[in-house]
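Given next, in structure tokens, is a single chain: the form predicted on its own.
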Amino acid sequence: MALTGVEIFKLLPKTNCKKCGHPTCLAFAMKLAQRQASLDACPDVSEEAKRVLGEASAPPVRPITFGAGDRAVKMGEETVLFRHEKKFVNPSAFAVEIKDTMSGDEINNIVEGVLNSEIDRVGQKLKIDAIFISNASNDAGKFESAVKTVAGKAPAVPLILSTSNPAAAEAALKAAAGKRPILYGADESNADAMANLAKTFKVTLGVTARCLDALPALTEKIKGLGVDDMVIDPGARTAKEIIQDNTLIRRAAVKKNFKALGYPVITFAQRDDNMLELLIAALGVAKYSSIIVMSSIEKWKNLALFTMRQNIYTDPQVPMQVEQKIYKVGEPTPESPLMITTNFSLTYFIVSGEVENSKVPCRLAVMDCEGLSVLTGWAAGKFTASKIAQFLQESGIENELKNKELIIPGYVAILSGAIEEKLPGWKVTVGPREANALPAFLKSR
């Protein structure tokens, strides 16, 4: 069980030096107990306290990174069961399967799909994160060849190497040297050999058991063999099993601090039916899967999953925002329209997208409203006439305009008169209420 704040306090220096950023050692201890602070923040803690508290203050789900460079994938580090309690930390990673029995053309097509999977949504670059290479042939040579082919065509993409054959695993790890892949396939029959390979090549080990009940003993055994970084597979394959097992694993890790299950979970969503595969993958995103393996990555499927993942793994306490400034859409001239909106990311990207569709060059003033939408910002007193006027005056935009006219969102038409009072010499025009009406509105001017 995790230590209480009082138990942690007894192990701290009790000097109330404030070096940790908290007013007292007791306050710091309480934050440690809630996993809202790091023990590293205390410069005077003893080695004995570090030993005892290090484990207690660590996230209940072990943080793990696989892959190398800019595309390395972070997993784990989760601290809550429900997103609204705090937030989910590291988004689920999507991987597509390549079997070593596939033809060269089939492998090339999947790799190209991964490399071209990136989608820009509300300012974030979303993509397929990894390639899962399975030793379907059970032949070490074919497996090694497939790994070399994929690694050569997509050198930056993280890999998951799947085999239960230690000889094939060793050959594949040598072919993927320097890429920090995950080696998946350790089970009760090969745990010693696979753990030795994971230690030798310094990679994360994927551990699978015949059922959830058998998993803790297996992870404890492998940890005893010297492997700390693991991803776990309880054997769940149906929707019901995935919900059940993933929930039990997260609950055991977060609520009971049960270290034997405190690892990222890998889920296999492969189905012959694309829609069913999408639904299983979406279930994994919603229910605690750190890696989701699929058999195909059509763009329509990717967009649905990327959008869902982005929504679930956005901090609910911090709205997504863009920078406050005057954005140019197209090549605006002094006669081009000036529009204004808030800095909520979704609002900005929808509005700017519709303006681009209109083919009418514009200036779009994006005002900092702490990430709130137009109506919410107005209701909260952050998108007001006085603040809009101050923003425009400080921006100096009037020096770039021939006609001092401002187009405001239709939902806040009530502000038009007040803005004109705050900005003498300006004309305020009320635009459409909905962004999809902007192209027709701009073309008609």
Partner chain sequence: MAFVAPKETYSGKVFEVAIGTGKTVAFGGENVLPFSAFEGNVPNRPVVAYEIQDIPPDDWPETVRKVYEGVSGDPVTWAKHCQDRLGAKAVALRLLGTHPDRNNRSPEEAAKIVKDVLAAINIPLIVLGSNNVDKDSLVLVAVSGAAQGRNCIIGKAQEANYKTIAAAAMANNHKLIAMSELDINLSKQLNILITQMGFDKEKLITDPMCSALGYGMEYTYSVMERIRLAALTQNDTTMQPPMLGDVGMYVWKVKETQALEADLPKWGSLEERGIAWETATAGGLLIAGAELLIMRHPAAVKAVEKFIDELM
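Predicted model, so just to flag it, every value in this text is computed and none were measured. Residue numbers count along the first chain shown, from 1. Take the two forms, superpose them, and find the largest set of C-alpha atoms that agree within 1.5 Å; that set is the rigid core.
Below: the form predicted together with its partner chain, not depicted.
Which of 200-208, 116-124, 138-146, 154-162 lines the interface with its partner chain in the predicted bound form (heavy atom within 4.5 Å): So the stretch in question is 116-124.
Contact label in the predicted bound form: residue 307 to its partner chain, heavy atom within 4.5 Å: Judged by the heavy-atom cut-off of 4.5 Å, residue 307 is in contact with its partner chain in the predicted bound form.
4.5 Å heavy atom contact, residue 295 to its partner chain in the predicted bound form: Result no; residue 295 lies far from its partner chain in the predicted bound form.
Residue 189 within 4.5 Å of its partner chain in the predicted bound form, heavy atoms: No.
4.5 Å heavy atom contact, residue 344 and its partner chain in the predicted bound form: Yes, residue 344 lies within 4.5 Å of its partner chain in the predicted bound form.
Listed residue (256, 221, 74, 174) with a non-hydrogen atom within 4.5 angstroms of its partner chain in the predicted bound form: The residue from 256, 221, 74, 174 that makes the contact is 256.
Residue among 363, 179, 99, 287 with a heavy atom within 4.5 Å of its partner chain in the predicted bound form: Contact check passes for 287.
Contacts with its partner chain in the predicted bound form - residues in 306-340 whose heavy atoms fall within 4.5 Å: Contacts from 306-340: 307, 308, 311, 312, 314, 319, 320.
CA of residue 373, rigid core aligned, shift of 2 Å or more between the shown form and the other one: Yes, because once the rigid core is superposed, the C-alpha of residue 373 moves 2 Å or more between the shown form and the other one.
Residue 230: Cα shift of 2 Å or greater between the shown form and the other one (core-aligned): No, its C-alpha moves less than 2 Å.
Cα displacement of residue 262 between the shown form and the other one reaching 2 Å, rigid core superposed: Comparing forms between the shown form and the other one, the residue 262 CA shifts below 2 Å.
Cα-Cα trend for residue 327 and residue 308, given that in the predicted bound form the distance shifts by 3 Å or more: Closer: residue 327 and residue 308 approach by 3 Å or more in the predicted bound form.
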